[in-house]
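Heads up, the chain below is alone and in the form predicted alone; it's given as structure tokens.
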Amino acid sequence: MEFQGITGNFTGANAEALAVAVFKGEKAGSGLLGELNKLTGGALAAVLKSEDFKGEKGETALLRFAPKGKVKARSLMLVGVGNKADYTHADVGVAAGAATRYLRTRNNKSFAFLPRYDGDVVIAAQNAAQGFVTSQFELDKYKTKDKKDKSVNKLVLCIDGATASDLKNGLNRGQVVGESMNFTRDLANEPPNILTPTEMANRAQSMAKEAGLKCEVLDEAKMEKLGMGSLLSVSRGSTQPAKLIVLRYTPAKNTGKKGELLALVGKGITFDTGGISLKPGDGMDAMKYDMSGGATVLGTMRAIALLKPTVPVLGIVAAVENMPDGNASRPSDVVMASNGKTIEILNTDAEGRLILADSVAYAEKQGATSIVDMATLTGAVIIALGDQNTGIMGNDQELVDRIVALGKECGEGFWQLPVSKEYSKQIKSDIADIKNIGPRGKAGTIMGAVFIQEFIDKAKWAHLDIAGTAWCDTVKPHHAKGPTAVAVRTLLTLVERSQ
């Protein structure tokens, strides 16, 4: 992919099409739209007047420039961005993605984009490039025909009055973020017969080598020595051995507070049958996505390594397959986690919290002072929040508030749920320290969180339940259906704002 920034007049952009952001209810006046209206011979004003195009978010329209005009582009694309007062830099990415997806269907290989965003140039350019990259991801990797293999190869970003260095910096950053999100989405889209725990570990090692991260993979023997009975109880029913992937980013110069270390921990269930507590067959195919939390950690760590913030970050992914054979854990089994707590397993389909228990405990033993875990943990969060917001819980309100605020800034919604002591009492077991589920039909998402909280000692902690937001069931103007790489942008921003 090729990226170019233009700080002056857009008419000289060497691209097949020109895309411009248009606000809801906007008319062709004396400014930029007035100039474009003249270049289209009045066609722009006619479209806006007819209300065939209203400027709603993601709405598109294609016009032709007048022959022998002064614009190199052949066509003009209008991209709706909604109300001007609500326009954010995240919307710049949505608009760039919508333009890209539309124009590639018309065999355009390049376009110039006028985002008309008045804020920070670097962050606008970053979002434009990210939207350009992520919009071209598709699910059809394994198709041998009828593939959506058309692509737009060049984005020319036009921001009048910007500096060339700001545009270049933003575009470079956006390419890294977009490609890291697509790395996450590609992992989440992989079939479970291909992306086994071992293969997930192999891809993590390859990515780490390319990006400049240290990577260690703990096998089951090492986990056994560390006492990770909770995690290993999940893998017992599978012929695929579990792997604990440990990634370390160490900056050349650490500007963070002395002794502080952020850990990102992800659930990597490469396929979840539910184990002995077998899931219904209908919809079980979606359980290849149950490693989306782990994929988010890997994609975020890739972006961190390439963008080089000045604070250290630890990434941990528990890669496990949950299957029901004769060795599988049974409801009523009791296991011991690495922190010495005993767990009564009452439902083997509540397995994500079992692997995260040992994972967050390990992160803290490695020196993590702040831990953010992410997992497609509960169906209950989908019932509560749908696909618009990720459920967030934690033991440190400042950390939770930061993630919520940064998510809003990045265009990702988070909604806080409580994790008070009254909820924790509901997972006390009669025969062990705790049980892995709470009362039937009550606060399922919170029960998962308070279980994980039992394995946090002193660290600040936030838990992201991404079960409803890790994939999208429908095609949107700016991206394909399927995995979304939710939280990559928010977590990256969290790291960079900690410098």
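In this text, residue numbers run from 1 along the sequence as written. These figures come from a predicted structure and were not determined experimentally.
Same protein, other form: the form predicted together with a small molecule, not shown, and the subject of what follows.
- Task: Please name which of the stretches 84-92, 111-119, 287-295, 227-235 has residues with heavy atoms lying within 4.5 Å of the small molecule in the predicted complex.
- Result: Only one stretch passes the 4.5 Å heavy-atom test: 287-295.
- Query: So in the predicted complex, does any heavy atom of residue 176 sit within 4.5 Å of the small molecule?
  - Reply: The answer is no: residue 176 has no heavy atom within 4.5 Å of the small molecule.
- Message: If we define contact as a non-hydrogen atom of the residue within 4.5 angstroms of the partner, is residue 347 a contact of the small molecule in the predicted complex?
- Response: Looking in the predicted complex, residue contacts with the small molecule include residue 347, since a heavy atom lies within 4.5 Å.
- Message: Taking the small molecule as it sits in the predicted complex, is residue 374 near enough to touch it, meaning that at least one heavy atom pair lies within 4.5 angstroms?
- Response: Contact with the small molecule, no.
- Might residue 74 be said to contact the small molecule in the predicted complex, defining contact as any heavy atom within 4.5 Å? Although the small molecule is absent here, residue 74 would stay clear of it in the predicted complex, with no heavy atoms inside 4.5 Å.
- Though the small molecule is not shown, can you say which of 380, 311, 404, 417 has a heavy atom within 4.5 Å of it in the predicted complex? In short, 380.
- Heavy atom within 4.5 Å of the small molecule in the predicted complex: which of 351, 321, 412, 358 fits that? Just give me the one. None of the other options qualify; the answer is 351.
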